[in-house]
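Here you get one chain, nothing else, as structure tokens; it is the form predicted on its own.
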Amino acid sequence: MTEHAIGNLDEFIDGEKELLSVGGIDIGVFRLDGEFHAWKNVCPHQGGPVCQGRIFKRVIDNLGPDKQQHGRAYDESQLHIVCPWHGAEFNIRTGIHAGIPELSLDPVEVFVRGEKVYVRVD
């Protein structure tokens, strides 16, 4: 794997993403609570540009005993990215699909050394 410097630590804003092409691979780099997470920008559902999707808090449907929806709540502790093609929703920290745990994003190793942020890609 090849190591690539992708920027200075202070260039990555907490709660936001950066879309990059590194070594010919499109990736999304997310900084959440000071931690970095990086994923290949390919949705496992149908190949859409998942990292270009919107970031939002996990939506929890309030279902009654009749299985009808009675409003929504939002889980403040989980941020998700939603693929712009078909709405597949993934936990940004784990890469796991919100409803199908077997479906997940392809990780990219990301780390900080000194004041620089790096990724390793094939």
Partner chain sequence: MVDHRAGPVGKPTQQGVVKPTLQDIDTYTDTRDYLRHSREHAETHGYIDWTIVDMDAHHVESISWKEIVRFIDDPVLRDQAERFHSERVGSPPYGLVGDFGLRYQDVGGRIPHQSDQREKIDPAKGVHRDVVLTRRAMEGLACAYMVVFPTSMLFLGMHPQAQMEVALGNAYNRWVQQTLLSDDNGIIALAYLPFNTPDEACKVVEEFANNDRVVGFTVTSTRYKPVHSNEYMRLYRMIEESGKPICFHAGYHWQDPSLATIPTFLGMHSLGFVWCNMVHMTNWILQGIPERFPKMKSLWVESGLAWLPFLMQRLDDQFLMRQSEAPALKMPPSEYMRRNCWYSSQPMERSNIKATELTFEMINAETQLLWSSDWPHFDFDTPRVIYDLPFLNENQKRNILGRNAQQLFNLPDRPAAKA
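For clarity, a rigid core is taken as the largest C-alpha set superposing within 1.5 Å between two forms. Just so we're clear, the structure is a prediction, and the values are computed from it rather than from any experiment. Numbering follows the first chain given and starts at 1.
Just so you know, the form predicted together with its partner chain exists too; it's not on screen, but the next bit is about it.
- Taken together, 19, 72 and 83 are fully in contact with its partner chain in the predicted complex: each brings a heavy atom within 4.5 Å.
- Interface membership of residue 49, defined by any non-hydrogen atom within 4.5 Å of its partner chain in the predicted complex, is confirmed.
- The closest heavy atom approach of residue 109 to its partner chain in the predicted complex falls outside 4.5 Å.
- When its partner chain is considered in the predicted complex, residue 10 lies well away from it, no heavy atom lying within 4.5 Å.
- Among heavy atoms of residue 4, some come within 4.5 Å of its partner chain in the predicted complex.
- Along 98-122, no residue reaches a heavy atom to within 4.5 Å of its partner chain in the predicted complex.
- The Cα shift for residue 94 between the shown form and the other one, taken after rigid core superposition, is smaller than 2 angstroms.
- The rigid-core alignment places the CA of residue 46 less than 2 Å apart between the shown form and the other one.
- Core-superposed comparison between the shown form and the other one: the C-alpha position of residue 75 differs by less than 2 Å.
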